[in-house]
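Let's start with one chain on its own, the form predicted alone, as structure tokens.
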Amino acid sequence: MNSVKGTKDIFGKTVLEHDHVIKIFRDICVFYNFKKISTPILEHENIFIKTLGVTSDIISKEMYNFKDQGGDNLVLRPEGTAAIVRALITNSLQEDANKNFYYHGPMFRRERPQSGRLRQFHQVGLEVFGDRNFLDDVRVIILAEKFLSSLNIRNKLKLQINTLGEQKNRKKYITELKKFFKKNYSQLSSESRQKIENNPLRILDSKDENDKKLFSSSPQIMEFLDRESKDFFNEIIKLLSSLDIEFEVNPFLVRGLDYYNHTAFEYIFSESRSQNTVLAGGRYDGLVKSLGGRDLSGIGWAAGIERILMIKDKIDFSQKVVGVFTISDGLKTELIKVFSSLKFNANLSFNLIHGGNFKKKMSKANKLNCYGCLILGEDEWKEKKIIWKNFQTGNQETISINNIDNFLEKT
């Protein structure tokens, strides 16, 4: 029996790595007064069609959608932002003074499974809603910097940033981009040719080397920005520089989803690899209003946990495992009482061992890689003592049951 193609069971060390990433992310978000929000995996299809755009790859090729028994058109959420916006409106959170949210969980896209790209993948992300202010753009990048630095991977990444300006700027740009690509149709890859009419911006994401050469002479978004959009972007660039945050402006960086405008940014780890983005985000003013809410501005980012773990150095999660068992079947009740009374210790992991004779219990303790064992013996228990067997040194001693926790703290 196999798992569904493009999905993976998460267990053992991998689940500890996932938890480690989430804990660091959560701690940073809480420190900066972000509130956790968790949305259902199932959403109505129209939420994503309205926000992502019919011509986006997610809608046209990748979204898991189906009609349920009640006739509702549902999807497995392909990304987090639109779902958070829906929750903001559904739960009347638009009036809250604090509209900073963070989330984590699985997303779903029916892509061709490959390294760093699964059909069920896991993201952490955050969103900020309110009035448009360049300080929020810088603020979410600061949180990204703190997060990636805490994971010890920031030095492996490059921050690229660009602006798409207002929607009206973007429309003019797209018109000129279409003209340019049609004029140079023969030089484009076959995949890019298919995007000229419906999604020309996505051509700028092409990894085809001939396409990339063509971009150097293509129109650039900066040529089409109004003064307000340019000033907004320049404020962000100046502030990032004053904070000594390393970045480069990439005029061909676009977010292919319809709801993005103004700031777009990505942290990438290799320009030569197709799955090179670890964390990406941008501004989406007007998205809340498009779903029936207030005219709130918004900006956020999301990071893929699987992508992070691809480049992160391995983490040592080793804990000392302590086995707990009894030599005598007559001490089972006392055994479980001792097990229940053990004080939490972050450096130790306790495993109750039962079944079989003494030899089998010792064998199981070895298979569990126990550091040592607490053993209840009849003679020792009469004196309210318990045996400690250290598997590393081979030493054995007896401890008063009242002193077990203090003894283990020093172990």
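Each residue number is its position in the shown sequence, starting from 1. Since the model is a prediction, treat every value here as computed from it, not as a measurement.
What follows is about the form predicted together with ligand ATP, which we do not show.
Undergrad: Considering non-hydrogen atoms and a 4.5 Å limit, which listed residue (116, 298, 219, 323) is close to ligand ATP in the predicted bound form?
TA: Selected option: 116.
Undergrad: Name the residue from 246, 111, 208, 235 that puts a heavy atom within 4.5 Å of ligand ATP in the predicted bound form.
TA: Contact with ligand ATP in the predicted bound form is made by 111 alone.
Undergrad: Each of 94, 129 and 291 near ligand ATP in the predicted bound form, meaning some heavy atom within 4.5 Å?
TA: Contact check failed for every one of 94, 129 and 291.
Undergrad: Would you classify residue 304 as touching ligand ATP in the predicted bound form, given a 4.5 Å non-hydrogen atom cut-off?
TA: Flag for residue 304 set to yes.
Undergrad: Quick one: does residue 277 come within 4.5 Å of ligand ATP in the predicted bound form, counting heavy atoms only?
TA: Flag for residue 277 set to yes.
Undergrad: Taking heavy atoms and a 4.5 Å cut-off, does residue 181 contact ligand ATP in the predicted bound form?
TA: No, residue 181 sits far enough from ligand ATP in the predicted bound form that none of its heavy atoms falls within 4.5 Å.
Undergrad: Decide whether residue 169 counts as a contact residue for ligand ATP in the predicted bound form under a heavy atom distance cut-off of 4.5 Å.
TA: Taking the distances in the predicted bound form, the answer for residue 169 is no, it never comes within 4.5 Å of ligand ATP.
Undergrad: Which single stretch, out of 119 to 127, 222 to 230, 183 to 191, 152 to 160, brings residue heavy atoms within 4.5 Å of ligand ATP in the predicted bound form?
TA: Among the candidates, contact is made by 119 to 127.
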